[in-house]
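We've got the same protein chain twice here, in two forms, each standing alone as structure tokens: structure 1 and structure 2.
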Structure 1
Amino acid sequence: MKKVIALLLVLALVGSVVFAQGAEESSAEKVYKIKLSHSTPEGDQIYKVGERFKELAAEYSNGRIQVDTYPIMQLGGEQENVQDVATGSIETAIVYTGNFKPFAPSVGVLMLPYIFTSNEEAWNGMDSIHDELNERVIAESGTRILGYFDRGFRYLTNSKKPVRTIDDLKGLKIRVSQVDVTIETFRAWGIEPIPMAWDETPTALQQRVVDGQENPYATIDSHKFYETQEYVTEIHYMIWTGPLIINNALYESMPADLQDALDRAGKEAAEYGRQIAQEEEVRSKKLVEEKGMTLLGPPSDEEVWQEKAQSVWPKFYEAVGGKAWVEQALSLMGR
């Protein structure tokens, strides 16, 4: 009987070891299927970035991370996407910073007017604050940033007259996004802008309800604003930025090698996006000029625009994470 009991104990021990090894192997081989939502159609820069992330995530995880992309708001609007990523209803999304800010106020530091004045400055700035910003975003929203993208500076267009100085803004009705910092910036420049939903903007320009708007060249091109707008002034007050976010609980539940794969894929997708942004700006700028728009370049007094715009910063310190965070971010950027 003793020999039988001893044999059973040995078999049980061997079985538990085999089970543990099998469980470990099963965990190591687990495939994660991830939904990625964004708002742009096929061919758009953000669409291309999403597809690149999909490819890189599969490559760096040896096929254990499978990303399915859902473009053109198939899974809801951007703010809805942020909420769904936070709760885990969907795993990842690419959203405009302005639509992410209500859930993660600290990203608003990237929207302070004239915090960046060139693409290179913006890229270096986003990279330099990435880790510290991520810590704040995780605490605020339950999501994590894998990469930060841009679409270029939001340039001013209008249908009435050349805007070469800040005084030329007078008398113009300019549509702006429904974002408080943008509204206050235009007020600081001496006009009362017209906040308007994006889907209403093309018709408003066409019907002359508003005289102008502000967006990157790629947007001016893709929405054919050259059909209703005549002049472009290259102000550098705000660059379009947007993060690729993932549910943080999901990220932290993954093995370390898959976390590394996601980090690497996000970083490289962002670098790829920057290259596309440059190429798209050159292409779109040339196209809208060929379509008849008059490109005026930067205002001759852009330092005045910058000074007046930066005067509104104190109004938004608390809304973007506090003055201390703004100062820390600027310090990390070497400013």
Structure 2
Amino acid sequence: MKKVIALLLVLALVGSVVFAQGAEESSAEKVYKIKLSHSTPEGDQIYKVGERFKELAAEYSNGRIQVDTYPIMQLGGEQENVQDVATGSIETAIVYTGNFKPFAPSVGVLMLPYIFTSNEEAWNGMDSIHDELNERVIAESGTRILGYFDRGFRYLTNSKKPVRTIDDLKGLKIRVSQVDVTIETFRAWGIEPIPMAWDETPTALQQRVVDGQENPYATIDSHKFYETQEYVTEIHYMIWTGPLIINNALYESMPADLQDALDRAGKEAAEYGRQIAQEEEVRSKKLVEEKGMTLLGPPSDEEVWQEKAQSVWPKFYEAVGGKAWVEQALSLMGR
């Protein structure tokens, strides 16, 4: 991973020289065409955030920033998207924090299990660490965060049996994202999860290579997991959070007024994502139930899940940027 990060930094540096040259040649009226990649279909919250960013970027730049959106992983899986944004072959993307973290470890602080117990706490958390986090992310990955939003709690689904207590997890093959924090959390709960790229997950569920996965109701709905999954258990260990990122070299090569336009557009698009997150959750929860899924509510022993997951926080410190960063982030969050 260190080699990958080093390579990304070299590529980001090369990118910055190229973009800087481009900026010198550019007139104040240069039009920037920007690709935005994300993973969801029309109607989904992330899709709507992407479209909102496109509109606002055009409005605030008086048409000098033109965003073309590429939904449903047309430009590759989310981790591939992050690499492409880092090197500049895609300018912007919206990704899940877990798929960003391998390239920008410090965002992992938002993924410490049970760090947020409500959407409001997650919003406050994302806002209060934004500037410090962005500095770290730019140094780690060559990408910059323009806005951060949430999508609701990641709930556990499976096709085999109702999971009502932690012991019911035994024997289930659960796909998780390729993130150390998540993998360790499932280990703390007593099973060995199956880390897998997001773009391979729908097929793996269809072909029963895995029995289950964990994602918000909005994702269960938009990716039609109700067609392969039977049970939903509302564990609250992690809220789906995700940034809208841009290649930092490109951003820095732009005139100040366009940087402001991007900052405003990213922030407001993310705020819009937050606003609609809860109504999307209510709508998709109802829909997946209508489609035949059995909603089990929270596990009866959720305090055991929480205790086990939180007891391994110290193990995660290094993986999320170091203990000093975790302490700084918690203090910025007012903890």
Ligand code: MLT
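No experiment lies behind these values; they were computed from the predicted model shown. Residue positions are counted from 1 along structure 1's sequence. Whichever C-alpha set is largest while still superposing within 1.5 Å between the two forms counts as the rigid core.
Annotation: structure 1 represents the form predicted alone, while structure 2 represents the other form. Taking the rigid core as fixed, one finds a CA shift for Glu200 of 2 Å or more between the two structures. Relative to the superposed core, Thr165 shifts its CA atom by 2 Å or more between the two structures. Superposed on the core, the two forms barely differ at Glu121: its CA moves less than 2 Å between the two structures. Core-based superposition between the two structures puts the Cα shift at Val209 at 8.3 Å. When the core is overlaid, the C-alpha of Glu234 ends up 3.7 Å from its other position between the two structures.
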